[in-house]
Ligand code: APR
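Below, in structure tokens: the form predicted alone, a single chain.
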Amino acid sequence: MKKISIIGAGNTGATTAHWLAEREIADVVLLDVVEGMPQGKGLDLLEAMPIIGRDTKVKGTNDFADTKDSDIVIITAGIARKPGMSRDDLLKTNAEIVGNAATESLKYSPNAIFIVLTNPLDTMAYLVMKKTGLPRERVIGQAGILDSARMRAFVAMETGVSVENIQCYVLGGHGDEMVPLTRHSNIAGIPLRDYLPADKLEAIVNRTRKGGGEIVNLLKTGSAFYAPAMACAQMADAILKDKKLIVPCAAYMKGEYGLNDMYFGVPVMLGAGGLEKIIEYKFDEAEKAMFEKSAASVKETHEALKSLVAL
């Protein structure tokens, strides 16, 4: 059996473990600094396996040695932004947590592929790549799958069509400047622009951009975890099964789309080698402008990270 370690056993980490254990594609290790918590969640999940007839082994731990020989390491550890906290404060705190998680995991699993979920997403993926010295193929950020799934859900709610018939592609940074590609998105091959009135489509685009915030406001404490966790599970599944699945992920850019030395949400092919290919869309003027605006915003956070942390 393959092995996946999840660093951070909060709602997102534990739910990622849940989705993965259910799929029976790998044994799962759930690691957290809080004593007893990952052990309790891991044991609870392990005890659910007989009910669904899965032989997945699930283990909770506080010790990185238990993550040894992982095929995939998923990093969800970090804190959510609290009231009165500046973005720089969040960046500095999460950079320390994520940087440590990455370097410790790498010691025990030198061949692992890393999937990064902690916010600010694009910048944390950049940090992991720089701290570990790994090639970009082995450090990928999860964001576009989640944003695209949210858009697909909203389109389904509006049209009454099955989510299986709806394909949406959201690129760019994981934030308010993300780039939902309405021209490339479709319902059973019919472009969204032709299927929905412009005002309805614009409302869906805006709701997609603020999708995370909408859930934070409803929950009052904490943020989304079911869908982000499922997105991580889909990425791990595609890598372990060598699917060659094309999905939007945060990838390190080496000239693609005119971007360099930064992580950014683009369509990638996921397979046994991790990120195996970046797919380049041809943009019209409006899409290009949105894309560049999003890139400038992500670049700013990258620069803020460099001023706060030695890379």
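Note that this is a predicted model, so its numbers are computed, not measured. Quick note: we count residues from 1 along the sequence shown, nothing fancier.
Same protein, other form: the form predicted together with the named molecule, not shown, and the subject of what follows.
The three marked residues, T123, L127 and M262, fail to reach the named molecule in the predicted complex, with no heavy atom of any inside 4.5 Å. Among the residues A251, L31, V28, L270, the one placing a heavy atom within 4.5 Å of the named molecule in the predicted complex is L31. None of T103, Q167, S223, N206 but one reaches within 4.5 angstroms of the named molecule in the predicted complex through a heavy atom, and that residue is S223. None of the heavy atoms of I4 is located within 4.5 Å of the named molecule in the predicted complex. Proximity of T76 to the named molecule in the predicted complex falls within the 4.5 Å heavy atom cutoff. At the 4.5 Å threshold, heavy atoms of T301 stay clear of the named molecule in the predicted complex, well away from it. Although the partner is absent here, L117 is a contact residue: one of its heavy atoms lies within 4.5 angstroms of the named molecule in the predicted complex.
Partner contact region in the predicted complex: 33-41, out of 51-59, 65-73, 33-41, 262-270, criterion any non-hydrogen atom within 4.5 Å of the named molecule. Contacts to the named molecule in the predicted complex (heavy atom within 4.5 Å) from stretch 251-267: none.
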